[in-house]
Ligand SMILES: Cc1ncc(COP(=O)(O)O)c(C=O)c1O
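Shown below, as structure tokens, is a lone chain in the form predicted on its own; questions about how it binds or moves come after it.
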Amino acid sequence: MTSLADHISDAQATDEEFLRKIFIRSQMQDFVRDPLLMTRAEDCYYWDVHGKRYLDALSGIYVVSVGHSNRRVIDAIKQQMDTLCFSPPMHGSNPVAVRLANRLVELAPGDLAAAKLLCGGSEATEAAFKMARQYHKLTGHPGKYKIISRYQSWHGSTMASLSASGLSSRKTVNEPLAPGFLHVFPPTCYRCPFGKEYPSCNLTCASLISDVIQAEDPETVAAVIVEPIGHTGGVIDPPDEYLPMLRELCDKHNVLLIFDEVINGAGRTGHLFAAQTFGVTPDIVCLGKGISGGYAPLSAVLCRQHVADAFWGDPAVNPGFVEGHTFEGNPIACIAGLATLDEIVDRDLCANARAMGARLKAGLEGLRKYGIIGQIRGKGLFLGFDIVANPATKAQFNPPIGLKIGKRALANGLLTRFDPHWIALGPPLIVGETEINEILRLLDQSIREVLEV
């Protein structure tokens, strides 16, 4: 099997005109100046086209749950390719998709009872919004269409998922966005938007959602969507009471509670579902990224029994769930999902995520010696920490140094998620003590080099 390096010479890999033919996530002018092209990967490591090794402390982007070059998943895909690669989605499904849907429901908490299989996280959140709106129409509340989400959230790049997201840097360039989306402040206790302190705050961030529902008129609100642990605000794990309060207020107002577990799911927080980590069952769960380990595009939407029941009936009056995509339930993606779930369950990688996450979190405490570490947050192998000029006052650096530290770490061979004021980590669930120690060593080295101490 040939690698990318066999097709792209080192000269081409650094040639501006050659590289300008592809759009990527970052500004192309910056990319062609210092391009990063990965050519192979194994376990917890990448190698670029020049042979440099990188420790993947981000699972690609919270995707590579069971590690790179996992033979169980690869062999399952190869075997499936000899049998069936595509089935006609307009006319039915295939046995592998049916098996995956049943496996997800079997592993899911509470009465989550049915699954819709899709291709990516944005498709999953879009489908969740449609499911919520269609559910209310079918159950006699056709005016319920508004979706409440949070500032600093990220739910995807497609138009409705972007409309639910709360990042001005991503939204403004695409505005105007879809109507019917409202935003509230997230549970950022470290920098409370209401100037309060937990627990004397009485969780204003949660009770305010009830106030918004009532102010908008409950008969117009379809759903509330949250990431159990918010990513783009800097890995924001909520107070213990927050998600139970959301469950209670959603029940009170006949509003569906949606958990966006595209990042949070597949063992990332130390349990297969973040809903299990927090002991709260939502009405709808969106999964993606890690459920196929990065071996094929796959996502899923799971719903509770009462939601699923609303879509079951006489097609003359009930069309079912009106939502479809060409590659949904693709047998190659679904077999990757089944093999990935088997790896997570059989190897008890959720327990490993809890153990290695605790080790990593304890090691991050050791970085406080530099006087720039603020709050350390997260659960399992989904962790983040603030970078502050003064830990006592929480004052931020001006200009910020988070990007410098993250880029220095990358130069030192460590992949992280870095923002101006925080850094996040999410290594594969197979990570061991050796890799955890290396992550901490490279972070320590990178911080020391940026601070020049």
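Residue numbers here begin at 1 and follow the sequence given. Everything quoted here is computed from the prediction, not taken from an experiment.
A second form of this protein, the form predicted in complex with the named molecule, is not displayed here; the remarks below concern that form.
Checking 302, 221, 262, 353 for any heavy atom within 4.5 Å of the named molecule in the predicted complex turns up a single hit: 262. When you look in the predicted complex, the only residue of 380, 187, 294, 156 with a non-hydrogen atom within 4.5 Å of the named molecule is 156. This chain is displayed without the named molecule, yet in the predicted complex the stretch 262-270 from 196-204, 262-270, 345-353, 129-137 comes within 4.5 Å of it by heavy atoms.
Although the partner is absent here, residue 234 is not a contact residue: none of its heavy atoms lies within 4.5 angstroms of the named molecule in the predicted complex. The named molecule in the predicted complex comes within 4.5 Å of a heavy atom belonging to residue 289.
Remark: residue 122 counts among the residues lining the named molecule in the predicted complex, judged by a heavy atom distance of 4.5 Å or less.
The closest heavy atom approach of residue 227 to the named molecule in the predicted complex falls within 4.5 Å.
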